[in-house]
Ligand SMILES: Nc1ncnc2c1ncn2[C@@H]1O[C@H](COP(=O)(O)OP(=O)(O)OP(=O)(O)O)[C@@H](O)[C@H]1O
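The data below hold one chain only, encoded as structure tokens and taken in the form predicted on its own.
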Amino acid sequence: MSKSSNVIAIVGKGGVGKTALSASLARVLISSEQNPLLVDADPAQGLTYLMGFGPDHKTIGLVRDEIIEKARAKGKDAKEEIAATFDYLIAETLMEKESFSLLAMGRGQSKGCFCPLNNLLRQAIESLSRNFPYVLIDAEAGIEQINREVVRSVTHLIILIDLSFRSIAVAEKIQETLKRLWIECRLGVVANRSSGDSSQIQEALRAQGIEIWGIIPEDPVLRENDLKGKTIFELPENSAMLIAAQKIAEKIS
């Protein structure tokens, strides 16, 4: 990966709106002609749909299935062939539009945990991202992909929280995990769907030495668009989420 690449990952517990923020930040980068690589690292593929892609696309999960089938069919002789074709198989999963590209993790059909899939995703990110000035990763809920070092090349980590102390606990856990894995990056928290007084939450974050990069109020237009299955490009520019994404982009530029 190029040292000049900005690799941004958005993490947090489930249900806090990571995908909506990822898509909004992607839209900001696209509008400033940054040609980002977007990585939908959540098997649910919410970012893929928000960015306007349908269900018919190849994913990292399907590549994993191809590799497994090839290994089973050819046994010991398959290792060198798989290594030689890995970049080609990964490139086949890349969905491209004029102003951005997207890589989706998806789900494989083969049984087993997501550990091998996360390892493959990490290799894919490292293989493809060197040609992009910005890489934006919408991570799955929790800290598993941090533990598996899927985001080991990250330069900016955004922890998205709601105004609950459970979210604060997740933020603290993520900070501890980064230190344990010796992952060095800029770390900031964004609080989503904020209403009322957030001073206690902000004080708790500052006590942990975590920067606060944004407080996003409840956005009814975003919620309505989501219910109607609209893409992020149909969200009006005065959306609270888009305004927040613009401010975050300024912090990481």
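All values derive from a computational prediction rather than experimental measurement. Numbering starts at 1 and follows the sequence shown.
There is another form of this protein, the form predicted in complex with the named molecule, and it is not shown here; the text below is about that form.
With a 4.5 Å cutoff on heavy atoms, residue 235 does not count as touching the named molecule in the predicted bound form; it lies far away. At a distance threshold of 4.5 angstroms between non-hydrogen atoms, residue 241 is in contact with the named molecule in the predicted bound form. Taking non-hydrogen atoms only, residue 184 never approaches the named molecule to within 4.5 angstroms in the predicted bound form. By the criterion of a heavy atom within 4.5 Å, residue 223 is counted among the residues contacting the named molecule in the predicted bound form. Residue 216 is the only one of 63, 201, 216, 210 with a heavy atom lying within 4.5 Å of the named molecule in the predicted bound form. Stretch-level contact analysis of 31-39, 201-209, 187-195, 54-62 against the named molecule in the predicted bound form, using heavy atoms and a 4.5 Å limit, identifies 187-195. Taking the named molecule as it sits in the predicted bound form, the stretch 10-33 comes within 4.5 angstroms of it through a non-hydrogen atom at 13, 14, 15, 16, 17, 18, 19, 20.
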